[in-house]
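A single chain, nothing else alongside it, follows as structure tokens in the form predicted on its own.
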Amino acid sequence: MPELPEVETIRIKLKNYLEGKRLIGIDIKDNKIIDGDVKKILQHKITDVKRFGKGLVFQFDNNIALATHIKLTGQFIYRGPENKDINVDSKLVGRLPSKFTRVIFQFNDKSTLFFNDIRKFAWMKIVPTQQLNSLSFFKQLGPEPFKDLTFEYFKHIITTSNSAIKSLIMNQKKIAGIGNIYANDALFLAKIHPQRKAKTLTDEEIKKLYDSIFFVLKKGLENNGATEMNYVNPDGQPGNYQKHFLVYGKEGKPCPVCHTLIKKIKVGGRGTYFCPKCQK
């Protein structure tokens, strides 16, 4: 599932492309994806595109918001005058629209935003802006890196939890935005075994993990996210962080530090990669 760097990459592009544009048409191919009255956003301008954890919010000039979560395979693909010379990745996106296109948004400058979703897990909700925090997804989110995740809070949740450290830092109610890819790489960088009970970490290890989380997320942002399955940015292009994975997805390959073979186990039901020598 796309994580903070991927969703933030999408947000930045969409904000640049859509801010100030008027939505003049919506072609809904799958009625199950949108909850709410689409008439409330038609003929209104987008004033901002925000991100909360792994969720996106399109803010309109009438204090109505379109909240969405792209889940596993969602893609926002923008085609307009700003990116007419950029070709979408034919393998990851294909034709536009396609049989996987669920919603098509049309704007006053003849630009178009396609939303594709192969697995159909994504959702969109149209609500008054003041009600965003009442949506279950948003009201349960913990603080997130680059916004309000302080070291003091981070240390508190670790020292008071008996969960496996990897499960803890992926818990969106505790910390928003961190998923499987960046949790694996951050724990490797901090030299912490993913199955360690959180409260057994020393103060030094906690600080190292805190810094490592910011490091790998920043690296992900610099590379426009990671394309593992279907993720593309709104230009229809893949990210590049997969070229910089430290241990994620590298079972059986040598550790980049000690050359011990990377192992894969399950932690909290998720595939987990680690170096059995470096991570303690």
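Residues carry their position along the shown sequence, with the first being 1. Here the structure is a predicted model, which means the values were calculated and not measured.
One more form of this protein should be noted, the form predicted together with the DNA, which is absent from this view; the next part is about it.
- Three-residue candidate spot Lys45, Ser90 and Val232; no residue lies within 4.5 angstroms of the DNA in the predicted complex by any non-hydrogen atom.
- Among residues of the shown chain, Lys120 is one whose heavy atoms approach the DNA to within 4.5 Å in the predicted complex.
- Within 4.5 Å of some heavy atom of the DNA in the predicted complex lies at least one heavy atom of Ser161.
- Contact annotation: Lys243 falls outside 4.5 Å of the DNA in the predicted complex, judged by heavy atom distances.
- Contact between Pro256 and the DNA in the predicted complex is not found at the 4.5 Å heavy atom cutoff.
- None of Asn83, Thr101, Gln172, Ser111 but one reaches within 4.5 angstroms of the DNA in the predicted complex through a heavy atom, and that residue is Gln172.
- Contact annotation: of the candidates His69, Lys219, Lys250, Arg51, the single residue with a non-hydrogen atom within 4.5 angstroms of the DNA in the predicted complex is His69.
- With the partner omitted here, the stretch from 186-194, 206-214, 111-119, 142-150 that lies within 4.5 Å of the DNA by heavy atoms in the predicted complex is 111-119.
- Of all the residues from 19-35, the single one having a non-hydrogen atom no more than 4.5 Å from the DNA in the predicted complex is Lys32.
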